[in-house]
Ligand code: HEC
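What follows is a single chain, given as structure tokens, in the form predicted on its own.
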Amino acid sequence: MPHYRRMTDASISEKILDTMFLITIGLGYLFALAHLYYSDQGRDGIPGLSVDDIKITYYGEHQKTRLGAALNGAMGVNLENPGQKQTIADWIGRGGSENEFNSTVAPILNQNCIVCHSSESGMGLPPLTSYNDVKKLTESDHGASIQSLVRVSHIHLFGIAFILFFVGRIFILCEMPVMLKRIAVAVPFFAILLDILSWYATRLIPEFAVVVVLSGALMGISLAIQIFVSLYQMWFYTPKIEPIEM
């Protein structure tokens, strides 16, 4: 019979390498979740991350402006005080004249927002460096643009695929029923594909925001299971040895 490698075949050095990799990936994913929370929470005007926040992120609030929606979400916390937020909101409400922008709005943006919202930052965020740039964001909020979704999609697919592949390569050394293992390594790939496709669906049909949340949760849970099961079998699991019949 062919012999397949298992955790018991790995050397201590290999186990240490795999362990540090899995721990680093796990911590990185937690920080990614924290970034997601602080980026999207509060868009609906209520503290905390909810399905409505995800709807607004991808579908938008058609009755509001993109800049106004950002002020109620992630952008608002970067301003020094509520008065600055109100100044920008009042400027939007009065039609967004260039003279008022230069005298009252531009100084606020230059002080609090330009570090990230500029082409030089390389962060891919909408620039807020000129009146014309900001004026575009005072139009009706239709959520994430196709251009921004495509940019984020290819980054996620390339980056996360590598992470899932290497975590899965470690996980397949675990001892468990073969069918369960096959399902476990396939689920996170299915989840990330569903997650990203549902971004585009939510841009058209806001109810798909639920799919974004569920598919993201499925990927996170499946990744966590692979990491914890791999670490357990690497260091604590003792395989059963079948007795040899005489």
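Because the structure is a prediction, the values reported are computed rather than measured. Residue numbers run from 1 along the displayed sequence. Rigid core: the largest C-alpha set superposing within 1.5 Å between the two forms.
One more form of this protein, predicted in complex with ligand HEC, exists but is not displayed; see below.
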Quiz item: Within 4.5 Å of ligand HEC in the predicted bound form, heavy atoms considered, which of Ile160, Leu128, Leu173, Val167?
Solution: Leu128
Exercise. Indicate whether Leu67 is a 4.5 Å heavy atom neighbour of ligand HEC in the predicted bound form.
Key: yes
Quiz item: Given that the partner is absent here, does Ile92 sit within 4.5 Å of ligand HEC in the predicted bound form, heavy atoms only?
Solution: no
Quiz item: According to a 4.5 angstroms non-hydrogen atom cut-off, is Val150 in contact with ligand HEC in the predicted bound form?
Solution: no
Exercise. Report yes if any heavy atom of Thr104 sits within 4.5 Å of a heavy atom of ligand HEC in the predicted bound form; otherwise report no.
Key: no
Practice problem: Scan 77 to 110 and write down, in order along the chain, each residue with a heavy atom lying within 4.5 Å of ligand HEC in the predicted bound form. | Solution: Asn78, Leu79, Leu109
Exercise. Examine Ser148 after superposing the rigid core and state whether its CA is displaced by 2 Å or more between this form and the one not shown.
Key: no
